[in-house]
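Heads up, what comes next is one protein chain in two forms, each shown on its own as structure tokens, labelled structure 1 and structure 2.
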Structure 1
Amino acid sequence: MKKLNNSKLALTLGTSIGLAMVAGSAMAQDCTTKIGAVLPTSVDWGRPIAETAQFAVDQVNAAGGVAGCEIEMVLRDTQVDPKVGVDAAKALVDLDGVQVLLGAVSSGVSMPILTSVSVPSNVMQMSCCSSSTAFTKLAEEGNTDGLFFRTFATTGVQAAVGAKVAADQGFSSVAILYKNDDWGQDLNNLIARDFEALGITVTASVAINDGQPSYRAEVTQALSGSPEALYLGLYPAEGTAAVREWLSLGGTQNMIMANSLKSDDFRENVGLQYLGSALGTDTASPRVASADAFVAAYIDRFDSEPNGPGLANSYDATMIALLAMEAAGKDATGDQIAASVASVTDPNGTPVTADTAGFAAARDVLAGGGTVMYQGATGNVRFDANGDVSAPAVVWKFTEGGTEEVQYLSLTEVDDFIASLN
């Protein structure tokens, strides 16, 4: 995952401003509408997620903005910390008056934002990356007020594919190290169940807390059952520290990683020489033209492939939110914007591409009373009644230049495998 340097950011922002000025001849932007973004920009894998969201905003502004107003994305860093994330979201709602929040990434940050900020303030929240099934349960209980959507599949997909990797590799026993937050606990529970369904013994399941000076005690506990492989449901900082302890104490290099470890920093700080037998999992974009178009546009903008976690999902989350704002009209409230999501992801609507031209076309269709079928970086996005999506999946490995796909599982293959586990 190549980081965007300041000169490249300035160049691309300048290009986008120029495009917006050209579009302004067709539609004057004499007003500004703010949206909020609560994303972990202080970590290496979080910055590209935010930059990708800004990319979508720039494309929409080049099309004339939303409801005749330029969009300003006000970005605040969550630091992957629930308290910091909630404070950031409150500031965006109370001070900036946003009706849409993009984020967060970690489920452990998105959940308190949803329950203590978005729902009480009637603000729509669109997450690119939060996968905990706790959001599904909350929606089923009627406690999200229909305000929460996510363009990333639930933890159940990643857990199932992680278990499949272990079975395909012939492992009969696995230890689990997981982050001690909403996401990690959910992932641990799900993958432990899936391992059991496949006849794979979980020798230990150990929670990892942030910021500890050492994880020797936790790693020693995980090693105690002599597992054939290690499953890692961690983020790069604690993941690096835990894996270093694991290797120093003689742990196997047979590792299965959640997508949260799809990080240059993790690869470089652990060392590629120790990750040759490590395989990661992630959700994936379908093999369709709109996904290919996003990759080409991303490369043109950032001079690198979109290899980091959540980039396609971030783009779609932002673009769908802005389309819903266009459908809801100027000065729409959060619940009105949320209710308009269905009209821009309608499987029977007019197909529109995920770019400046596509947004302009969608505006015309919506103005005429029609609906559109958004075709984006992750395909034709469909939300169920709980704001959830399903997705294909990939197995990947680290390389000198980043990551490389090892296996692709179609949506049908993923759904069929999950059904076989259940």
Structure 2
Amino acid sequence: MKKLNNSKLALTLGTSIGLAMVAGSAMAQDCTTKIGAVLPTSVDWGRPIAETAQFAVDQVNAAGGVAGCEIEMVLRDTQVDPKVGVDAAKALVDLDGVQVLLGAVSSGVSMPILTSVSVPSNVMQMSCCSSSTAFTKLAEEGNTDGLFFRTFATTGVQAAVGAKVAADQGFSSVAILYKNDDWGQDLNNLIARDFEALGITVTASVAINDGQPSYRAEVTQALSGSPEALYLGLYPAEGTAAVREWLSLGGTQNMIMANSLKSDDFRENVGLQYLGSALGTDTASPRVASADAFVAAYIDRFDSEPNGPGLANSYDATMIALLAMEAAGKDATGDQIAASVASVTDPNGTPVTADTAGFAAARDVLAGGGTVMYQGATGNVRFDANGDVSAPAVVWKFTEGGTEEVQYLSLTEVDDFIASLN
């Protein structure tokens, strides 16, 4: 067995040495730089996240690649199993020599990758979708070495905007259904506090576990306080089941949804006719004309709007990682790339768009020693010292063809509102 493994590994090693030699001797586009992606491709909502990352890589390659080299994204499946994800990340770092890891999605997978692969190996890790507050704490303790970033706005923004929607609509009582994972538990704690701060009664706060035989009991419990509205911190799979049950038992159609439900599956399986008064929240693109570029390019490529958990976040994570690689220059190490993130997400930098042209423009600015402000699919992404991002917010609703924006909240408005809650 060992022998077999060895020979396979030797093969990869040979290939990568070969590529490295090519890289050393050739000019633009004749060399290849690898980046690693560890994403749950075998899960229904995981695959589009990986496809979107590849989409960003393709756009950058169309712009001539990074530091003159074509980017190859090596994708590994985590199966949402921490062991498997960590092993994949370790193999990418040790065998493929990547300096950048994209992923993972679940915090429970991203965290061991960070502590046992990225930090020890000095590799930058950029997660699209891990939301746990544990990352912030780890960074505060100085244990991430500044190598970790995530483009998923902290759950605090999501919760605050959700509470604001309820207040604006004049609801005085709300029931909460939340997914029983790290994201859902966080969200529930935060939004319950925000509702309270706004004087809105939370009639029930019900955890929804994955794959239960029936959500009837949970829904009955949420119904029992006769709330004026329902807050949904769920994913499409259990969200569909719970909301169908909720509606059939005569629950109100006044619903407020987290961005995870921005999904075509959810809209079709629940039915648009019942979602007329449902409002969702999300982080938003900036108010510049070029921001539509991402959506347009996405539709062009995938024939559908980028609706689904984490798609825009995955795109931004990939783009920022590649921009930072460009800024750090050829053969930069993980910590150098991580240090360059600030120069591509600089609020005072030259604005660049999220597409091929934007990447080419950024290259020129960076080559001239300037900094850029990346205007991404989730907004003007700006990381704080802990690698956390904040962004403008948007309120949306479902339409025939997808979703449409109802209200836009700039970064200042979001910050002011959050401050007013405390």
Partner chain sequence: MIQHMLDGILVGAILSLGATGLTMVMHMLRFANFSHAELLSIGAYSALVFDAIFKSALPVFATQIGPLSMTLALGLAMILAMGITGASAVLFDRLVFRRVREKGDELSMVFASFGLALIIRNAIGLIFGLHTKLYSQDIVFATVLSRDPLLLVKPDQLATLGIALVIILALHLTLSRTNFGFALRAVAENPNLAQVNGINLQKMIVTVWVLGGGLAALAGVFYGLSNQITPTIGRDLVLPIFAATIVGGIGSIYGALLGGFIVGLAANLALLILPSGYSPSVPFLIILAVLLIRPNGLFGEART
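Numbering for residues begins at 1 and runs along the sequence of structure 1. It should be emphasised that the depicted structure is a prediction, and the values quoted were computed from it without experimental measurement. Only the largest set of C-alpha atoms that superpose within 1.5 Å between the two forms is called the rigid core.
Assignment of forms: the chain in structure 1 is the form predicted on its own, the chain in structure 2 is not. Taking the rigid core as fixed, one finds a CA shift for K397 of 2 Å or more between the two structures. Annotation for T155: C-alpha shift of 2 angstroms or more between the two structures, rigid core superposed. Shown in the overlay between the two structures, fitted on the rigid core, is a CA shift at Q336 smaller than 2 Å. Comparing between the two structures on a rigid core frame, one finds that Q185 has its C-alpha moved by 6.1 Å.
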